[in-house]
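Given as C-alpha cells, the chain that follows is alone and in the form predicted on its own.
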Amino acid sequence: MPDKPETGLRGLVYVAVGVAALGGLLFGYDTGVISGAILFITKQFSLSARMEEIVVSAVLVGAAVGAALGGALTDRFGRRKLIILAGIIFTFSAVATALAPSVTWLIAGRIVSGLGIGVASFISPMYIAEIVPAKVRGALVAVNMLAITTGIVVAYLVDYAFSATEGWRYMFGLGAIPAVVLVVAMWRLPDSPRWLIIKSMVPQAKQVLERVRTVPDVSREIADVQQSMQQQGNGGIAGLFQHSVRMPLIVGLGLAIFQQITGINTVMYYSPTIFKFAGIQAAGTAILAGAGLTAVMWCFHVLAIFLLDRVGRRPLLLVGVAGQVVGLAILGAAFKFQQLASYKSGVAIGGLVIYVSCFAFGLGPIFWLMISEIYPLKVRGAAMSAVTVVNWVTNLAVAVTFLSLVKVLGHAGTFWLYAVTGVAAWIFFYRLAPETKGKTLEQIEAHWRTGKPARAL
C-alpha cells in the first residue's frame, strides 16, 4: 500500500481526545484512591492482611470482566457508547463505595468500579487511535496514559487532604464528579469513523472525518480503510485465530503480561505501605510521598508524549524496561543490605523514582498505544479486549500475591524477583516488538498479511 500523504486535523479532534481521556483519568483515580483509603479502611474494619489484599484487588476482578464484555459490546454499539457506559458505571460505583456500610458492600462497589475501568482502559485509547492521523497518533493516544497518571496524582492528593480526618468515604465519592462530566461531554461527540465504516455507515464516517481533518477531500482515507477491510478475513473472536493475527496477538499478550509482572501496580496500590516499610511511619506523610512519586511519573508521561512520534516506540520501550530493572535492583538493595540501614529511606525512594520514571516513558504508555495500533480493524475490538483481560488478570495475580511474597521472600527478594521478570521482558521486546511510528493503521495491517517478522515493520 502506498504511503498516504500527511493529513491535518481540526480542533474537534483535540476535544474528542480530551474527553475520551477522561475515561483514563477515572481509570487512574479509581486505581490510585485505594492506596491511601486502605490505610483507614483497614483500621475501621480491622482487616487482616488477606482481607486487605481482597479489598485492594476486588477492582481487578471487575476490570477483567469489564474488559471481556467491552470487547463484544464495542463492535456492536461503537466506541462512543461504550465510553459513555463506562462513565455511568464510574458514577454509580463512586457513590456506592462512599456509602459502604460493610466490607462486603465495599468489595462489591470496588468490583463495579472495576467494570468501568475494564471498559475504559482499552476503549478510550482505541477511540483516540481511530480518530487521529498517523503522524500524531503516538502523542495523542499517550494523552490517555497521561490522564491515567493525572487521575492517580489527584487521587493521592485527595487521599492526603482527607487523611487527617480519616475520611476515606470522601476519597471514593469525589470520583463521581469527573464521571458525570465524561458522560455529558461524550454524549455530544462523534463515533469513531473506522467503526462507522465497519457498520457500512460510510456517509456518516465521511462527515466525521470532514469535521476532524483539514484536508479538502477525505475520500482517500476512507478508501484505504475499505480496501484494508476487504483484504482482512473474519472479524470478532473467530478472527483472532487467523495466521496474520498470530504475531500481533503474541506481541500484545507479551506487552500485557510484562507490564504487570514487572511490579508496577505494587507501587501504585501499595506505595504508602512501601514508604512505611522504608521508615516513613506517618500515614499522611506516606500518602504525600506516594503523591510525589506519582507526580514524577506524570512528568515522564509528558516526556513520552513529545518522544513517541519522534524517537519511536521500540527505543523508548527498551530503554524504559532496562531502567525499571535498575530501579528494582536498587529498591531491593535498600531492604537487603544492613550497610544501607541508615540510608534506607533515601535509597528506597531513589529506586522507586528510577523505576516509575522509566515505566512512565516506556512500558506504561507503549502497551496501551501499541495494542491500539497493531490489530486489524475487523478484530481490533476482540483483540484489544483479549489482551486487556490478560493484563487485568495478571494485575490481579500480582496484587493479591505482593504482601504474601514479602512474607516468603522478604522485601528485597520480592523486588529482585520483579527485576528478573524485567530482564525477560527486555529480551522479549528486543526480539518481537515492532516499530509503528509514522505508519497508518492500514499500513500496519498490511504488514501482518505479508508474514514478515514483527521487527521488519
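Here the structure is a predicted model, which is why all the values come from computation and not from measurement. In case it trips you up, residue 1 is the first one in the sequence shown, and so on.
This next part talks about the form predicted together with ligand BGC, which is not shown.
Only one of 326 to 334, 310 to 318, 215 to 223, 149 to 157 lies within 4.5 Å of ligand BGC in the predicted complex by heavy atoms, and it is 149 to 157. This chain lacks the partner; the member of 260, 163, 91, 192 within 4.5 angstroms of ligand BGC in the predicted complex by a non-hydrogen atom is 260. Contact with ligand BGC in the predicted complex, defined as a heavy atom within 4.5 Å, holds for exactly one of 128, 171, 145, 179, namely 145. Ligand BGC is not shown here, but in the predicted complex it comes within 4.5 Å of a heavy atom of residue 265. Not displayed here, ligand BGC is kept clear of residue 29 by more than 4.5 Å at the level of heavy atoms in the predicted complex. A residue is said to contact a partner when one of its heavy atoms sits within 4.5 Å of a partner heavy atom; residue 57 fails this definition for ligand BGC in the predicted complex, lying far away. Contact annotation for residue 395: at least one heavy atom lies within 4.5 Å of ligand BGC in the predicted complex. Heavy atoms of every residue among 297, 359 and 368 are located within 4.5 Å of ligand BGC in the predicted complex.
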